[in-house]
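Listed next as structure tokens is one chain, alone, in the form predicted alone.
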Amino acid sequence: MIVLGIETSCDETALCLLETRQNGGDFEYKILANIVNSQIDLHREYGGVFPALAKREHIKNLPILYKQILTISAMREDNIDLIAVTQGPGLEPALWTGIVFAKELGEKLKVPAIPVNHMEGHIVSTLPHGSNPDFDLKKLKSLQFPSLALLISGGHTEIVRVEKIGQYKIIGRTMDDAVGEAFDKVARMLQLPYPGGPEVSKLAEQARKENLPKTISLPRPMINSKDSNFSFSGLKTAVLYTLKEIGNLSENQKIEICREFENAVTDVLISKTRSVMDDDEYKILIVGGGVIANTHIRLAFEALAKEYGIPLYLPPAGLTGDNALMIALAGALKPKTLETDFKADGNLSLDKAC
């Protein structure tokens, strides 16, 4: 089966062309073409994603990228069997561009266009083998159930029980800011370049390498709460008050704040995940989403999985952020009797997976 994946939930226009097949009990796939077009440079002057601009760029880029993947793959469009497109969550103006493109193309090619939950895509993004998915035929990693997934990105922070692909139960979620959002807001307070999350992490790592003494303490919000929910807005506010109290910020103080902020976030993520793992027995720990590109957080979860003696599934390099490969894979794994009359849903929940 040839699957076209389309992802336009935020500021990346991404398309992927994938060949898949079931071989006995194995799901095998071959990447024919995979393109991600980032709009970071365009949104930098706004300090974040500007929805109207994102929509405009998606509309412009989708037909261009579609022609490119057909050229790269040397595939005729009448070979496409299925179109999988992100329905939500995300920015609705951006989501609609991908959905309209997918439905119109589906009508033209007389193939189904089906919806995919973006967060399910982040779960599936942990299943490919290797750090650089290439054009060779590959098998997805197998999942054992129940698995536990922590999804951490710019827009979401949630702990999910995975009963099987397509069946999820949200155990905990952020009550306010997502973890990636908190990273970006702290970066703006520190006047770091956009996107700010990687800049905070870079300075935090510098503080660790220089072994700076700890002179700044930040709270670990909700770390002792009896539920599995998160809150990061208070941590962000604590950084703001710290900056006001210090006044003239030295370079050492700046990088120390980054280290303490990153440590606080990591402590909360690990503590909440540990608490859920203590409540039940999970076969696999999955951590997906753009924030797991953070080396410090990644290492902390590697240690946690080792402590519990279970496999840790992380996205290969290049699949941590938004991409269409994960959408194509998620679509290929779905039953083919899905409703094709769907609309964009910016607040689509994973426990109501497409």
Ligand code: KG4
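Keep in mind it's a predicted model, so treat the numbers as computed, not measured. Start at 1 and count along the sequence shown; that's the residue number.
Same protein, other form: the form predicted together with this ligand, not shown, and the subject of what follows.
Enquirer: Indicate whether this ligand has at least one heavy atom within 4.5 Å of a heavy atom of G166 in the predicted bound form.
Expert: No, no contact at 4.5 Å.
Enquirer: Hey, in the predicted bound form, is A293 touching this ligand, heavy atoms inside 4.5 Å?
Expert: A293: yes, in contact with this ligand in the predicted bound form.
Enquirer: Under a 4.5 Å heavy atom criterion, is P51 part of the interface with this ligand in the predicted bound form?
Expert: No, P51 sits far enough from this ligand in the predicted bound form that none of its heavy atoms falls within 4.5 Å.
Enquirer: Just to confirm, S201 within 4.5 Å of this ligand in the predicted bound form by heavy atoms?
Expert: Contact with this ligand, yes.
Enquirer: Quick one: from G88, G121, P128, G154, grab the residue that has a heavy atom within 4.5 Å of this ligand in the predicted bound form.
Expert: Exactly one listed residue reaches within 4.5 Å, namely G154.
Enquirer: Choose one stretch from 103 to 111, 173 to 181, 240 to 248, 141 to 149: the one whose residues place a heavy atom within 4.5 angstroms of this ligand in the predicted bound form.
Expert: Selected range: 173 to 181.
Enquirer: Could you run down 190 to 209 and flag each residue that has a heavy atom within 4.5 Å of this ligand in the predicted bound form?
Expert: Heavy-atom contacts to this ligand in the predicted bound form: P195, G196, G197, P198, S201.
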